[in-house]
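The form predicted on its own is given below as one chain in structure tokens.
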Amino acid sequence: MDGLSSLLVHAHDVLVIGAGAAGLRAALEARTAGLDVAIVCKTLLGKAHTVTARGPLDARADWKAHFRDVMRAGRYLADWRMVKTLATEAEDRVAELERWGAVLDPTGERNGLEVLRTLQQHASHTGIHVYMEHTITRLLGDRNGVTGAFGIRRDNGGFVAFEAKAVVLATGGAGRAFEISSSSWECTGDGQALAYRLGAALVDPELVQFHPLGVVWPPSTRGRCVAGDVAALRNANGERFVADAPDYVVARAIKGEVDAGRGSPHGGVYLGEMEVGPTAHAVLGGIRVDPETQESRVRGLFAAGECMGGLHGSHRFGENELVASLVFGRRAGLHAGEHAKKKTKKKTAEREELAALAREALAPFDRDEGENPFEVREDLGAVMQAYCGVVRDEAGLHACIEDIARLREALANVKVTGTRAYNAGWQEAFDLESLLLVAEATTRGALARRESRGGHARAEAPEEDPELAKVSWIARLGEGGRMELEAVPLPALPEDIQAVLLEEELE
């Protein structure tokens, strides 16, 4: 038996993995070009992490002002070409969304839900195929080109293969690697891990945004970001300790109070009756893509949304989360469609390859005993929270790498029981595989970036290093399965773009 007795095979021109704002926008663009398009998602349509996004959509007419704000917020680690694309296309994407029926809230409180509702409604009559409650475990193909994806239906545990001419990854972030996180349960780094294993690179994986006002107590709302006056924060002595400042400055100040023994009982500080502290809010690094086409270095594999890197630098400008998904989702769908049109036929998946993937996926059921995947996941969260949080140091990062290696060994020996249908332990094991990979990339990148810049802070190097402002760190699969890290130069700023950055200072 090869485990494929219930295998379903679907074939489409373009496969979009992820049904948040970026995924839906990509699917719409490819479908508009007349292609056969499918979306596959881990949860139900309309339940993506996008619904939690808040804040206005930055779509100002003055693209130069928008460009300057993003570059400065990210402390010049962003790829200026992507930032210019965002700044020049944001207004059109938001106007388009409003033509499709969006009623955006100027306060931003419900904009994530409204963006997702509008895109979903607009897509509902276009003929896009939707596969809900599917976990994709591997991409098919090799580093020379993607040919589809392999995964599992969560409802019955059956295997499924997708054949596609082009694939768009829009799976969101990896915030669930941390114990305290505002990310929803789907944000387990799936897209980053899928791309990496096929041969794509991850850019600046060390860059993570920590929101300073995440609830640490009461537990019912743990990780949720709240609005509040940071000047009203108090330590355990009832003292105010920070004034209004960028989020990362406030987050570091809170950690300083906790480390000095002036924190609240559950590791935060007080905002009224609540205990709050830094919470992992967004990953800023991700899949490295071409700044024009969104294609990774694997032919036919594109990425958009939070699983994509290169746009934000070391701190995400607050009002870009949703609008960036629209801008780069459209671009990914456009170029994935163009790529698919050039290919004459989809490659049929080899049954032997699929059988091997099925056996690998079923291995946790075959062990007589083994590790509990939920305990491994809890351990990973504690390790990342302790060693790779808002302020990092060399000894802690080395300890983190050792612990991740230990947890990887535990993952190789996890045991699950029960049936395959809606088996939470089995699904946890798949999530863990992605989370451990992204956690390792984050930690190795943090070790290499020995400076403090924007949201990235190293205790031994509290200042920016001008030399490190010139490079991105690239993680990729090396010989023997080891993760390799390489510094690559950021693209040089042409004279006209340098002039844009200086414009305001000269006025």
Ligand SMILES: Cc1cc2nc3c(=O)[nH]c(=O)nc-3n(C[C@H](O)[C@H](O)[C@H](O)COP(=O)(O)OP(=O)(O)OC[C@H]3O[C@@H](n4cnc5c(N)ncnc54)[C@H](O)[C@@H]3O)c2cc1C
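Source: prediction; values computed, not measured. Note that residue numbering follows the sequence shown and begins at 1.
Form predicted together with the ligand: not shown, discussed below.
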- In this shown form the pocket that the ligand occupies in the predicted bound form, once superposed onto the local C-alphas and checked for 3 or more atoms within 2.4 Å of backbone or C-beta atoms, is blocked
- Quick one: of 182, 118, 264, 147, which gets a non-hydrogen atom within 4.5 angstroms of the ligand in the predicted bound form? 182
- Query: the ligand isn't shown here, but in the predicted bound form which of 53, 457, 474, 35 has a heavy atom within 4.5 Å of it?
  - Reply: 53
- Message: Is it the case that residue 371, even though its partner is missing from this view, gets within 4.5 Å of the ligand in the predicted bound form, heavy atoms only?
- Response: no
- Although the ligand is absent from this view, report whether residue 85 comes within 4.5 Å of it in the predicted bound form, heavy atoms only. no
- Query: Would residue 333 sit within 4.5 Å of the ligand in the predicted bound form, counting heavy atoms only?
  - Reply: no
- Message: Is residue 14 near the ligand? Define near as a heavy atom within 4.5 Å, in the predicted bound form.
- Response: no
- Specify the contacting stretch among 267-275, 184-192, 228-236, 73-81, defined as having any heavy atom within 4.5 Å of the ligand in the predicted bound form. 184-192
- Does any residue in 5-33 get within 4.5 Å of the ligand in the predicted bound form, counting heavy atoms only, and if so which ones? 17, 18, 19, 20, 21, 22, 23
